[in-house]
Structure formats: C-alpha cells, structure tokens
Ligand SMILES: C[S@@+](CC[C@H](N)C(=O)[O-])C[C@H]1O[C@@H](n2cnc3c(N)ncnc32)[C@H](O)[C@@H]1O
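Presented as structure tokens, the chain that follows is alone, the form predicted on its own.
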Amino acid sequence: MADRVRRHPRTEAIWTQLNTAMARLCEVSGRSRLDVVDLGGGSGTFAVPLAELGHRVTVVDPSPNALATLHRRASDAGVDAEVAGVQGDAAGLLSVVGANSADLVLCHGVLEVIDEPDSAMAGVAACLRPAGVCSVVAAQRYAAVFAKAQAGHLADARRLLDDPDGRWGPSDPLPRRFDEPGLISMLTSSGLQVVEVHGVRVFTDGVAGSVGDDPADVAALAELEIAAARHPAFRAVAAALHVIARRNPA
C-alpha cells in the first residue's frame, strides 16, 4: 500500500532512512502512532504514505492549490481523517502547530527557498517534543557545481563554487544551497542533535531518461541510491543532503 505509493528512485533512500528513524522513535516513545508535521509538504507526497502507515500528519504549506491536491490525494487513499492541511509558512510554524506538539517534523526542500532558514529551524526545533526527531532534506552545492561543469557552463560552475549561498547568478532559481558543515551548524545552533547525515539523489538526476521506462531499471536505480546513501564518500556529490536530527530530551 504505502510502499507501492512512494517507491521512486528520487525518494527511496529518504524513505529508507525515515523509516529507520520512525521505528526508533516509536520504540523510545512506546507509541506506534506518531504526530507528524510536514513543513512545506505541499500535495502530500510524504504525508499521505505516512498516514497510510497509521500516523497523524499535519501539512503546513503556503499554497492553497497544493493543499487542495493534498486533500484529494488523502481522500482517494482513504486517510483524509488522518491528514490535516493548514495554509502557512515556516516563519509562522509555531503559531500553526504549537510548541512541543510533534514527534516528527519533515522539512524537505524548504531551507533552500525560504527567506530565513535559521529562524525556520529554530521553529522546527521548538515544535518538537523532547526527544522528537526532524528529517531535513536540503539542496547540496557541490553536486550543482559538477552538473554545471559537465554541461559546459564553466563560469556558472565557478560562481556557484565561490558564492557564499551556493548560487550561480541572478537567474539561479534557488536562493541558496548548502554544504554539509553549514547545514549541520544550522541544526545544532537550533538546539538539535544530528543523528545521521546521508547523501540522496546521488545518481538519479544524472541518469538517462530511458531508465524510467523499464520497471527493473527503476528498481535497480532505487537500490543503488539506497546503497550509495550509506557511503559517506558520496555525500559531497549528492544533489541533496538528508539529515536526521533529534531534540535533546528535557
């Protein structure tokens, strides 16, 4: 059910790491049903499968269109009672979900696009219960440097490498990209303890499009992504970093 919905090479490694973190969290809390907040969760790519696994999920997203899609997707999956969509953004997270209210917070693809990522992470940490866990996925600069260089855009690659925010210029659609030390520093400054760091989308963004036409190739690519995520050497060239962090118990 949920396994079938979510299997995709771009997210397979994230789900593998997230499932492990949730299993540990359930064991520590003594509960099988977690309260989850998905910040910027949009149309429910993660929220609906999480609800199918039995968890209560609140999606906080600024887009009413995305939230409408979320409600349709949750209804189609028969989990609309377990999924709540709230219009809001990272800056107002605490006013929407409240402090000490979540066992797990997802913050995927958010920090690279919002105005104040440090403040957002402080809000994420504050809405976690003691020993709660957050899952952060953020764009990683060095993969973008490689991609620009391989495409022949050498000046853009150099600017991206040197720019403090990891951008190649004014036309870059992302306000920032992170390196691993910078991302970890942001989380620890927010009072979170980093548990694991993985590189995700190591190969997926660069493989031939024809791979997606063959289910066996898709499955093989997903397994390759899971395996690569376990190797620290691949983190520097992964398109994104996935960090599992924990709020220290009171």
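Since the structure is predicted, the reported quantities are computational estimates derived from the model, not experimental observations. When you see a residue number, it is the position in the sequence shown, counting from 1.
A second form of this protein, the form predicted together with the named molecule, is not displayed here; the remarks below concern that form.
Screening 48-56, 181-189, 27-35, 61-69 for residues having heavy atoms within 4.5 Å of the named molecule in the model of the complex returns a single hit, 61-69. Contact with the named molecule in the model of the complex, defined as a heavy atom within 4.5 Å, holds for exactly one of 127, 90, 133, 143, namely 90. Proximity to the named molecule in the model of the complex, taken as a non-hydrogen atom within 4.5 angstroms, holds for one residue of 96, 114, 122, 84, which is 114. Proximity of residue 199 to the named molecule in the model of the complex: non-hydrogen atoms within 4.5 Å are absent; the residue sits far from the partner. In the model of the complex, at least one heavy atom of residue 110 sits within 4.5 Å of a heavy atom of the named molecule. Annotation for 142-171: no interface residues with the named molecule in the model of the complex [heavy atom within 4.5 Å].
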